[in-house]
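Take a look at this one chain, the form predicted alone, written out in structure tokens.
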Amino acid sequence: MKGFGTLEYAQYPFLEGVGRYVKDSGFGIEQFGHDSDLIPYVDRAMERIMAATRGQIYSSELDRGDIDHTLLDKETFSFVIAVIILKICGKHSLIKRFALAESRRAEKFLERNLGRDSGGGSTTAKVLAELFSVDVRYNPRGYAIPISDYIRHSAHFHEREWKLVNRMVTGGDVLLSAHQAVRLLRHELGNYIQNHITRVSAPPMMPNFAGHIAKLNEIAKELEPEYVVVSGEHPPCIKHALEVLKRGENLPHSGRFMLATFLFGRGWTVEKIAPLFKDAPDYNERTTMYQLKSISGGDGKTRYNCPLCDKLRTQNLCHETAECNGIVSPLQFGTRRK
């Protein structure tokens, strides 16, 4: 089990050895689904799920440093139960939100634990190696990651700061802070957890889960995106952004800014734009409305304009086709030029 113990399984309950650990502890899903004495474990699993539906990160005594053995088991088991409940429920929108929230929670532990490491072969480094096949080593100037690993994991970043030319490189390694090392793997961590849940087989309904699943079905209806008709011909960059959101995938902040400013430029309102983001894995209604109003200038401040094509190219957001016809701004798409 790569030297992982109860603390690692509580902090990272999606590790490969967790299933074996739960089974060796003498518990089975059938027990959690029927035994009334185990309802507190089920209730804690629902706490994790409900936090995710609200766009929040589940927090417990473990975050405050409590490492009582009983608590560690409850943390590990509650994640496993939450996954089973979500699988029985079968709502993909809830699974995506849960995976995102749990990845953010794991990030906190990874960053905190990695920041405390000052030697080779740390448990945190072993966790990162198992999850992402990345070699993270302590260096007096930060944390060293082989260039090949860095390039592989930073490919989805569009911000200039993540370009290799803007990073400190020494001896074939890229040097990062603990925060940067964990941030590098954020996107893949969420995908890893979501794939982990997808691979789990859904058991039949059980008494201890029934009420919770009925509640989640109602919540899922509220979270389903409204039907929005996107009229008019949009440039390829905007079409791509809309497709990413429609698939329920994560659109980077720069992509969301581009989409919002473009639609505002085409005369859309905050109320018409907001529903487009409802299926994003980290959707939060209050945050979305606040950000859209801020971008639109509705808070009495500056109204932002849609970035020019050159800027979008540097952010890897441009998907130029022949129809773009040399435009310099997405807002020019579809207009006739002399």
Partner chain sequence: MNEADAALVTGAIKKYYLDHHDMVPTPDKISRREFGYQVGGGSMVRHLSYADERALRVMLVGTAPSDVYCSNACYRFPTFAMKEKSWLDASLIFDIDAKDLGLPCRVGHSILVCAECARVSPAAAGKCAACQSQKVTVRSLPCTKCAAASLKEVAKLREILVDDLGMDDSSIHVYFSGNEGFHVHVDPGSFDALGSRERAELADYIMFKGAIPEAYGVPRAPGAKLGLPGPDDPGWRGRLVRSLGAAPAKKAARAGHAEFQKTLGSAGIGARIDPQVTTDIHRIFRMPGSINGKSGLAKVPVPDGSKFDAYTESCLIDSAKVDITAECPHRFVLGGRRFGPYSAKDTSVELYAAVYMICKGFAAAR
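Numbering follows the first chain given and starts at 1. Rigid core: the largest C-alpha set superposing within 1.5 Å between the two forms. What you see is a predicted model, and the numbers here were worked out from it, not measured in a lab.
Keep in mind that the form predicted in complex with its partner chain is missing from the display, and what follows is about it.
Q: Can you check 197 to 205, 148 to 156, 90 to 98, 210 to 218 and let me know which stretch has heavy atoms within 4.5 Å of its partner chain in the predicted bound form?
A: Of the stretches listed, the one contacting the partner is 148 to 156.
Q: Would L223 count as a contact of its partner chain in the predicted bound form, using a 4.5 angstroms cut-off between non-hydrogen atoms?
A: Flag for L223 set to no.
Q: Tell me, yes or no, whether F257 is in contact with its partner chain in the predicted bound form, where a contact means a heavy atom of each within 4.5 Å.
A: Answer yes; at least one heavy atom of F257 falls within 4.5 Å of its partner chain in the predicted bound form.
Q: Closest heavy atom of R160 to its partner chain in the predicted bound form, within 4.5 Å or not?
A: Yes - in the predicted bound form, heavy atoms of R160 and its partner chain come within 4.5 Å of each other.
Q: When the contact criterion is heavy atoms within 4.5 Å, does A129 count as touching its partner chain in the predicted bound form?
A: It does not: once its partner chain is placed as it appears in the predicted bound form, A129 has no heavy atom within 4.5 Å of it.
Q: Of H34, R54, R313, K272, which one comes within 4.5 Å of its partner chain in the predicted bound form, counting heavy atoms only?
A: The option sitting close enough to the partner is R313.
Q: Taking only heavy atoms into account, state which residues of 166 to 183 are within 4.5 Å of its partner chain in the predicted bound form, ordered by sequence.
A: Sequence-ordered list: N166, M168, V169, T170, G171, G172, D173.
Q: So, does R313 move by 2 Å or more at the CA between this form and the one not shown, with the core held fixed?
A: After core superposition, the C-alpha of R313 moves 2 Å or more between this form and the one not shown.
Q: For S25, decide whether the Cα shift between this form and the one not shown is 2 Å or greater, given a superposition on the rigid core.
A: After core superposition, the displacement of the S25 C-alpha between this form and the one not shown stays below 2 Å, so no.
Q: By the 2 angstroms cut-off, has the C-alpha of T53 moved between this form and the one not shown once the rigid core is superposed?
A: No; T53 is a residue whose C-alpha shifts by less than 2 Å between this form and the one not shown when the cores are overlaid.
Q: So the CA-CA distance for Q56 and L259 moves by at least 3 angstroms in the predicted bound form. Closer or farther than here?
A: Farther: Q56 and L259 separate by 3 Å or more in the predicted bound form.
Q: Closer or farther: the C-alpha atoms of H253 and R54 in the predicted bound form, versus the form shown, with a change of 3 angstroms or more?
A: Here the pair is closer than in the predicted bound form; there, farther apart.
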